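The chain that follows stands alone, in the form predicted on its own, written as structure tokens.
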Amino acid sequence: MFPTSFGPWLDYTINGLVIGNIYALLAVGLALIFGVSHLINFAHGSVYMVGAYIGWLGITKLNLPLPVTFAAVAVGCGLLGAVIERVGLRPLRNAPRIAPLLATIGLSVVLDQSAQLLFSPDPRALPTQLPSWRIAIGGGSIGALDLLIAGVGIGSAALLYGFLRFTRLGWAVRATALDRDAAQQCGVDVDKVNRTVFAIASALGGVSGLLVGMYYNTIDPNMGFQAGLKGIVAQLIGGVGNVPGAIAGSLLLGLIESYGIALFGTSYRNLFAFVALILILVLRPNGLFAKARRLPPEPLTGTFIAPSRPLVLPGWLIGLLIVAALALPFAVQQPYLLQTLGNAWLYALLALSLTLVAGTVGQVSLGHAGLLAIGAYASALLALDAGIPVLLAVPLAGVIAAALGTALVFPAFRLRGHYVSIATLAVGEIVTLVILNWESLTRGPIGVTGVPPLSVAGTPLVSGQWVYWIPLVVLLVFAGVQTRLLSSHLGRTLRAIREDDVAARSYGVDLNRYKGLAFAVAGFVAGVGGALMAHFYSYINHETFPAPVSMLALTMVILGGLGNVAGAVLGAVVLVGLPELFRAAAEYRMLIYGVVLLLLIRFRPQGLLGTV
């Protein structure tokens, strides 16, 4: 429903510009980091969250004046940024380009989970300490906090301009951004430049977190994920590494979100951002404000494959392990243990799906949980609304997940470098947001209840043994098929694309066709896994398959070894089964995942069983 007067539109415009100013603080920091490091920093949103909590401590616990609180946030987050660069990323400077990107994901998980353990996951109120007056303008109004946010944004831009334009260190930053090697040969301390840029970017990010907390009067440990993505979206709209473009892209994104809320409602807010991201990546990947068309980036994903000889398990040992796994329910009569391992087999299906596209084809997908969600909802709705038998709904859900997943990711096939990972992350978020908002089909935030269990001849298969056996048998079938695929001509073609897509194309390989085929197979496997989850869980909603599930799948795949079928299963058992068995460590599970991912990237990138 459209507003009937100009006044509300002015309020929406002011709100969009205010939010755009906050996004600009994030996007400018991301642009600076990308300029000197050629890195999309996924930990930036977590620094933003840390800034909000430092501000909360200063205002509510220490009763500091607001200017002192802002200074404390800037200093604290600046130091955190310097530590992230020195400890988490500098050791990886000679590693393949995907390694630092994955490390920032691990750092983000560690920071978010540490804050959740320290402060609890409950939201906390953050008062503004500002007067509540508002100035009426043409039917709209501007408050003290709006003016503060605008002032901080403009002032930060002016200070940053002066730093880059008139200081020796600023010149070094610009020189490093133009040509890192040439700057180093001219005597520029690029390590100092990187440390300074991370500190400045993190200080800006922390201040933006404090401002958002004051604007909405609430903070929580999970607030950084969406904010970090918004900063990335704004930066990509303006052009990666382009500071003025990042500011313009942020303001444009803020207006798009604000006007979208006016027309469609608050629940669509994030959807507009990610749809805009996909459109920019497909139509103008260099950004709207790029001065000239840049050369396409180097392949980013496949180059993470570390040179190693995979551990080849003898056939007799594999057979023995399979027999032991199938016979376990006869020896163990503990339903909880069997259900825990059955859940591990379900996640192994997700890992099996991801290791095909990330390990074999070299397309690191950060939104793979979206395929689980599509499969789960498809099977549940087919069984409930269409009356299709569950045993038929499950494979049909796999087909739907394969078709929809491939169609959604297809525009990203023409992208290279970090754009692939960002595009798949956006697709995963879009799937979740569509599920949330398409209430006539998906029941919206209420979710789908009463999902029927798997059954044969009217007998439900709900006991611990069946919850264990069914996912295991499905996993063994798909693992056998994928092993056969990897040893075939098709598998060799997919690995050729991973190793060098330019050379593969020069030999006549149709890249889009083979990438599409790999995503279709992966989508079917993940869709079946999601369908089984829906029927075992009996209830699903848009929060059942959140973004951290995609990060968990990536950690499982790297732990076992990219492209390694047995490694995917091992990673699932280690990261899903074992922490669940040790209930005392349950609340530390995500923190453990983040630490494991960081250690693997640093010390064992080829995984436990080696890459294939």
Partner chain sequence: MLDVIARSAALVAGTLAVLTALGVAQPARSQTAADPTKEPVVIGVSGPLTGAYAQYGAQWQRGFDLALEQVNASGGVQGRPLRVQFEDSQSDPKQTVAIARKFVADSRIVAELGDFTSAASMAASPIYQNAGLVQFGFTNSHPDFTKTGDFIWSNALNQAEEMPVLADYAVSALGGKRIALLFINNDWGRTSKDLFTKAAKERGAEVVGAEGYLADEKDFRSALVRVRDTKPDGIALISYYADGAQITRQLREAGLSQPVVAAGSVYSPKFLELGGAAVEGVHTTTPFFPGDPRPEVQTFVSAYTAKHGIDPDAYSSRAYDALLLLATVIRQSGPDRKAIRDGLATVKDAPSVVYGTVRFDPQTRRVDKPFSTRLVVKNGAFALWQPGSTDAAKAAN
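Under this definition, the rigid core comprises the largest set of C-alpha atoms superposing within 1.5 Å between the forms. Small disclaimer: the values here were computed from a predicted structure and weren't measured. Residue numbers count along the first chain shown, from 1.
One more form of this protein, predicted in complex with its partner chain, exists but is not displayed; see below.
A.B. asks: Which of P285, G88, G464, G78 has a heavy atom within 4.5 Å of its partner chain in the model of the complex?
C.D. replies: If I apply the 4.5 Å criterion carefully, the residue I get is G464.
A.B. asks: So which of N94, T266, T459, T167 reaches within 4.5 angstroms of its partner chain in the model of the complex, heavy atom to heavy atom?
C.D. replies: When its partner chain is considered in the model of the complex, the option within 4.5 Å is T266.
A.B. asks: Using heavy atoms and a 4.5 Å cut-off, decide whether Y12, M223 and P445 all contact its partner chain in the model of the complex.
C.D. replies: Yes, the whole trio is in contact, each within 4.5 Å by some heavy atom.
A.B. asks: Within 4.5 Å, heavy atoms only: does Q113 come near its partner chain in the model of the complex?
C.D. replies: Looking in the model of the complex, residue contacts with its partner chain include Q113, since a heavy atom lies within 4.5 Å.
A.B. asks: Should R180 be counted as a contact of its partner chain in the model of the complex, where contact means heavy atoms within 4.5 Å?
C.D. replies: R180: no contact with its partner chain in the model of the complex.
A.B. asks: Does its partner chain get within 4.5 angstroms of any non-hydrogen atom of N194 in the model of the complex?
C.D. replies: N194: no, not in contact with its partner chain in the model of the complex.
A.B. asks: Is there any non-hydrogen atom of T544 lying within 4.5 Å of its partner chain in the model of the complex?
C.D. replies: Contact check for T544: yes, within 4.5 Å of its partner chain in the model of the complex.
A.B. asks: So which of 153-161, 236-244, 390-398, 337-345 is the stretch with heavy atoms within 4.5 Å of its partner chain in the model of the complex?
C.D. replies: Stretch 337-345 is the one.
A.B. asks: May I ask you to list the residues of 104-130 that have any heavy atom within 4.5 angstroms of its partner chain in the model of the complex, in sequence order?
C.D. replies: Heavy-atom contacts to its partner chain in the model of the complex: Q113, Q116, P121, D122, P123, R124, A125.
A.B. asks: Core-aligned, is the CA shift for L253 between the shown form and the other one 2 angstroms or more?
C.D. replies: Yes, the C-alpha moves 2 Å or more.
A.B. asks: Inspect the rigid-core superposition and answer whether the C-alpha of K230 shifts by 2 angstroms or more between the shown form and the other one.
C.D. replies: Yes, the C-alpha moves 2 Å or more.
A.B. asks: Do you see a C-alpha shift of 2 Å or more at D501 between the shown form and the other one, with the core held fixed?
C.D. replies: Result for D501: no, shift under 2 Å.
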